[in-house]
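Given next, in structure tokens, is a single chain: the form predicted on its own.
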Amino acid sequence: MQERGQWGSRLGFILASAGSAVGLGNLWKFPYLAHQNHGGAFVLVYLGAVLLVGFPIMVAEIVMGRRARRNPVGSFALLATGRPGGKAWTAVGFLGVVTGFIILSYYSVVAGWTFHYIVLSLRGELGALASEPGALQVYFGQIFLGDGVQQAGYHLAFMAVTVGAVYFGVKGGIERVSLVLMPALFAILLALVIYAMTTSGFRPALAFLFRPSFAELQPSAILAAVGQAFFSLSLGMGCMLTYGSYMKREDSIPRSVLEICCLDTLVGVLACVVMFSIVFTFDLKVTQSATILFTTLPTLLVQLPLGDLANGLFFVLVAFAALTSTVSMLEVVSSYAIDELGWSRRRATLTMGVAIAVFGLLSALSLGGVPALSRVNLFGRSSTAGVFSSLDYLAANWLLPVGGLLIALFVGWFLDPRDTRDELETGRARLGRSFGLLRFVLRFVSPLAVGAILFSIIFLGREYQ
């Protein structure tokens, strides 16, 4: 096996991992859920879910990665040796690699839209479309999505940028990109927050977000908070496991995971401040669809002072958030080929990147470019018709929660506690009783919480997309 790459610095690992977690969901899904579930109380429940679900499972993934120093498949193969189930656990590693492959194939389609909107902003065309009532919605839904050439082209362009970042390795590619993109992402987000402060909806937004009203909190909101905490942190597909395999021995896993969770949550909260300020300024109805980023928000931003500049900054922000996520997904798939197949990084990145890009054309063209692909219905549900929606439904509702559940069960019940404790105590003082608490949460609380997500999907008909 080739010499394994390693992060050049602890900061590089933190920013790369936070970048993997921060994605499009932070910018639209979290604000949507917070708005639908009455703000402040939901946010507090979400923070609790991050501590009891997200934090322990991320710790579990990184412990596995650093202990084995391999990709998801290799990590399970090595760590499951002599454990109950033995080689059967390797299938969980394969599940992670396949999940990363599938999600990246359609995620890059949406990510590619950001390139188009940045171009429109630079040309001044986005402001013109957004200024005419209904024009941008018609353009996006009937013209842009239905243009197969544009959909394929921007998808392939975003995949090319992703491949370029992973091609140069952990330190020279992924870490270098993260050290630039993540500070830039926070700078743009803070600029938008400052911009939001000039709107009439800023004060109502803060009151809505930070003044909890538990009387309005419904049981369904608790389940939604647990689901968002899990999905927001890029868990269940081996991204954190793979990044953990490049982590230095002297770096503390618990401290690093806490910082990653805080950064991811901070992006979501700041996005809420921006979104809610706009919502309350224009009395906007918030929808669940991610297309709100590409239709409603530009139409509203252009009505504010310096609206064209705000639109341009916003889509650069979305592009950065998407790229830091796509890079981590491609690394999961590439690391499998490097470790298990013995391929060079260049061969693995190019081959897997091209394979994902080609497979992703099915999703890109299913949005209207090829009507036959838009009618594909793999699950017999009207809401999941089309290749794009079908793959999104499969990944979000089955592959990710099953993967996260099995990782928690493996580390909590099957991995030698001495191995887990050794990894957690490396780089810091002894954990003492906190190790027992963490292990209890990982063995019982986290699996039950993720199990509740699966229960809601199977028996309550809930969909996470």
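Nothing here was measured: the structure is a model prediction, and the numbers come from that model. All residue numbers are counted from 1 along the displayed sequence. Rigid core: the largest C-alpha set superposing within 1.5 Å between the two forms.
Absent from the display: the form predicted together with a small molecule. The rest refers to it.
A.B. asks: For Asn26, is any heavy atom within 4.5 Å of the small molecule in the predicted bound form, or not?
C.D. replies: Asn26: yes, in contact with the small molecule in the predicted bound form.
A.B. asks: Using a 4.5 angstroms cut-off on non-hydrogen atoms, would Ser335 count as touching the small molecule in the predicted bound form?
C.D. replies: No - in the predicted bound form, heavy atoms of Ser335 and the small molecule never come within 4.5 Å of each other.
A.B. asks: Does Leu15 reach the small molecule in the predicted bound form if we count a contact as any heavy atom within 4.5 Å?
C.D. replies: No, Leu15 stays farther than 4.5 Å from the small molecule in the predicted bound form.
A.B. asks: Taking the shortest heavy atom distance, is Val450 within 4.5 Å of the small molecule in the predicted bound form?
C.D. replies: No.
A.B. asks: Tell me, out of Val387, Cys239, Met352, Val267, which residue has a non-hydrogen atom within 4.5 angstroms of the small molecule in the predicted bound form.
C.D. replies: After the contact test, the surviving option is Cys239.
A.B. asks: Which of these residues, Met329, Ile356, Ala111, Val226, gets a heavy atom within 4.5 Å of the small molecule in the predicted bound form?
C.D. replies: So the residue touching the small molecule in the predicted bound form, by this definition, is Met329.
A.B. asks: Pick from 120 to 128, 176 to 184, 321 to 329, 85 to 93: which stretch has non-hydrogen atoms within 4.5 Å of the small molecule in the predicted bound form?
C.D. replies: Correct option: 321 to 329.
A.B. asks: Superposing on the rigid core, I want to see if Phe410 changes position between the shown form and the other one - specifically a Cα shift of 2 Å or more.
C.D. replies: Shift of 2 Å or more: no.
A.B. asks: Does the distance between the two CA positions of Lys29 reach 2 Å or more between the shown form and the other one, the core being superposed?
C.D. replies: Yes.
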